[in-house]
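First, one chain by itself in structure tokens, the form predicted on its own.
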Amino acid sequence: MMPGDYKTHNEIAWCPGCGNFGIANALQQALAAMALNPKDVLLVSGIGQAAKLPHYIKANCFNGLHGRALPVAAGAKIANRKLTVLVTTGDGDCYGEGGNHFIHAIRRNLDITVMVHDNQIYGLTKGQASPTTDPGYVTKVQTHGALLEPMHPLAVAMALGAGFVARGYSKDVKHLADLIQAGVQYKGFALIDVLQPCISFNKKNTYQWYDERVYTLDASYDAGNEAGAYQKAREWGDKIPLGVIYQKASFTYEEKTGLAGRAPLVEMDIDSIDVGAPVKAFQVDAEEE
């Protein structure tokens, strides 16, 4: 299949020039490069501009609640690990409302790929500061400028034990497509934080602003050096690194629980399962109380 084969005919609701277009193009290129059949791919999203992406990609789609994309993706992967499960979410959706799920999804280390459209603002709800907004940035809500220190999502992910931590830039579609492909092929939880300009509500972190700061890590960089990778994960400001920041092999949730050696739940014969005994035991316990 070609990248265009993964496009739907749905009308795109993003603003012209939005960085989300580059992410959608990169995802289409990655899916084509891996020759994945749309029926074997599941895109899970929460709420936000990033959550609209599954509507424009020919694959299975699940739109959940704000901040709740990760538990849905986890459940889907546990039930059918033959699926390629990708989460498409925003910085507010994942790091704000979904922060608790973000923490424990990393701890579980399910084999899913999480793409965070990080525009450093709440774009859908018209420009409030998000967990990654730069200090001092003035919004309609933070009228005196954002006061809180921004979250460093890559460093947080590393501290929690994530084995694949990367950063892309929506303007560099080819590089981002390569990162998505690497994340999908990694066995375990893969985080790709994508710098994605919001042309309507973030007037600071523009394409020009990023172009003056981003640089791609070269072949001499050692993504397996945890100490060095942690420094790169926190590097922000005049220089911002792109690429696989950190990568290590680790046991997945499926391997730790023994699910990897069994048929997926969706293929199990449920007709032979007798739930009578546990139901009866529950009833007895309830009566005794």
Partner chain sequence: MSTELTITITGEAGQGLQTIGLALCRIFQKKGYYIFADQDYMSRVRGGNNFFRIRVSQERISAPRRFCDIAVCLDKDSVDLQLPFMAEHGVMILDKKTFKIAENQARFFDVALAELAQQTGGSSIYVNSIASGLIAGLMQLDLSLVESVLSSAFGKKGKDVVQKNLAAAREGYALGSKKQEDGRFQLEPAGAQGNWLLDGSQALGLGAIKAGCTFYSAYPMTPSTGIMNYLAAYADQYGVVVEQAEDEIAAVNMAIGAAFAGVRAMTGTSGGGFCLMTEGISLAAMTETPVVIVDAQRPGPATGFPTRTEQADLDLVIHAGHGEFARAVFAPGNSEQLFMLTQRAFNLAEKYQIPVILLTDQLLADTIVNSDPFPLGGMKIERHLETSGVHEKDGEPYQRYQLEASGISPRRLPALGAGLVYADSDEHTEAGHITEDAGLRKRMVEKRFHCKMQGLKKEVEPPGAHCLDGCQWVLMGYGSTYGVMREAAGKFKPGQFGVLHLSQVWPFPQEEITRALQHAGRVITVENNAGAQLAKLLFRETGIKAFTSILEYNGRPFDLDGLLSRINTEVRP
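Residue numbers count along the first chain shown, from 1. Given the structure is predicted, the values throughout are model-derived calculations rather than measurements. By rigid core we mean the largest C-alpha set that fits within 1.5 Å across both forms.
As for the form predicted together with its partner chain, it is not shown, yet the points below apply to it.
S.K.: Just checking whether residue 31 would be counted as a contact of its partner chain in the model of the complex - the rule being heavy atoms within 4.5 angstroms.
M.R.: The answer is no: residue 31 has no heavy atom within 4.5 Å of its partner chain.
S.K.: Residue-level contact is defined here as any heavy atom of the residue lying within 4.5 Å of its partner chain in the model of the complex; does residue 64 satisfy this criterion?
M.R.: Output for residue 64 is yes: heavy atoms within 4.5 Å of its partner chain.
S.K.: Is there a heavy atom of residue 38 no more than 4.5 Å from a heavy atom of its partner chain in the model of the complex?
M.R.: Residue 38: yes, in contact with its partner chain in the model of the complex.
S.K.: Against its partner chain in the model of the complex, would residue 185 count as a contact residue? Criterion: heavy atoms within 4.5 Å.
M.R.: So residue 185 does not count as contacting its partner chain.
S.K.: Is every one of 113, 236 and 245 within 4.5 Å of its partner chain in the model of the complex, counting heavy atoms?
M.R.: The answer is no; none of 113, 236 and 245 reaches its partner chain.
S.K.: Thinking of its partner chain in the model of the complex, which stretch from 167-175, 89-97, 187-195, 207-215 has heavy atoms inside 4.5 Å of it?
M.R.: Looking at the partner contacts, the answer comes out as 89-97.
S.K.: Taking its partner chain in the model of the complex, which residues of 76-92 have any heavy atom within 4.5 Å of it?
M.R.: Result: 76, 78, 79, 80, 83, 92.
S.K.: Align both forms on the core first, then report whether residue 270 has a C-alpha shift of 2 Å or more between the shown form and the other one.
M.R.: For residue 270, whose C-alpha is compared between the shown form and the other one after core superposition, the shift is less than 2 Å.
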